[in-house]
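Okay, so here's just one chain, in structure tokens, the form predicted alone.
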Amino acid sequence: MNHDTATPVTIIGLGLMGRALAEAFLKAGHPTTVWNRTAAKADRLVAAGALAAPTAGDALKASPLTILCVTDYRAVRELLDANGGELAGTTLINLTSGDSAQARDTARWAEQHGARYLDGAIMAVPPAIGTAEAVILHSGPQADFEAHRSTLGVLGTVTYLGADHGLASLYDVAGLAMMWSVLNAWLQGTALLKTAGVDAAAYAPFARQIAAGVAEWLPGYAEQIDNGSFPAEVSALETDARAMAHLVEESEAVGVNAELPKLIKAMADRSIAAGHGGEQYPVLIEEFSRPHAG
């Protein structure tokens, strides 16, 4: 890419992820300015062609697009509070991990200081940055995203979620919920089978097949949730609850931890007590959508 046409970018925060972001921009030919509280972290990037800004304010002024990838939102706000006068006309993309309320609050602050602001989340490990496997979520005004879509595409598969600045954070934690739930279910099954001498490698292909099959149910189940109607087309919740009891009993009988299936069965039991036993499993969205009563 020609430096004359490539958008200049600034990266603030040079941990493992920040350095990976900067390296991807440099490789694609973007003039890249970097800044980090510990200046030595910029040395390798400078050797590769980056410009090290002497201050965070200088870094913010250096490019029309600044990507923030620091420890947390407190660090983001400390940095921005100290340099609010440098923000007018710039676009900030915050890829720092935080929650949806922090994202919306930071967006309001940035806009009050004359900056355009997108919040984001990186669904990838640093070595994947610069490849299609790196999925990067963005939320905020669509026009601001579209203005920089091609530049951001250097980093991986960029996805726009919507105008609500909190969406990237919510998608991030929703993705984590999926990841941990699939892994925890697999570990439960692995622990059960280990009691019969079956190793994890032998069980994994079967578990993968089950996980993929269940994933195929999601669009249809989503339709039920969005319609608020849960006809038992496949199985009623009360039938599922009996299978949950079987899983709990088998786990306890072979000496395997039963906390996870007991937790899910308790939620199912509350739903059944509320009159939903004849409806299909997605009716549990009502349990997941309310705080735990204790």
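Treat the numbers as computed from the prediction; the structure is a model and nothing was measured. For every residue, the number given is its place in the sequence shown, counted from 1.
The form predicted in complex with a further copy of the same chain exists for this protein as well; it is not shown, and the discussion that follows is about that form.
- a further copy of the same chain in the predicted complex is not approached by D58, whose heavy atoms all lie more than 4.5 angstroms from it.
- a further copy of the same chain in the predicted complex is not approached by A143, whose heavy atoms all lie more than 4.5 angstroms from it.
- Although the partner is absent from this view, S97 contacts a further copy of the same chain in the predicted complex, with a non-hydrogen atom inside 4.5 angstroms.
- Within this chain, S139 is remote from the site of a further copy of the same chain in the predicted complex, having no heavy atom within 4.5 Å.
- Heavy atoms within 4.5 Å of a further copy of the same chain in the predicted complex are found in one stretch of 184-192, 144-152, 76-84, 108-116, which is 184-192.
- Of the candidates A48, I225, A28, A39, I225 is the one whose heavy atoms come within 4.5 Å of a further copy of the same chain in the predicted complex; the others do not.
- Contact annotation for 182-215: residues with any non-hydrogen atom within 4.5 angstroms of a further copy of the same chain in the predicted complex are V182, L183, N184, A185, W186, L187, Q188, G189, T190, A191, L192, L193, K194, T195, A196, V198, D199, A200, A201, A202, Y203, A204, F206, A207, R208, I210, A211, A212, V214, A215, listed in sequence order.
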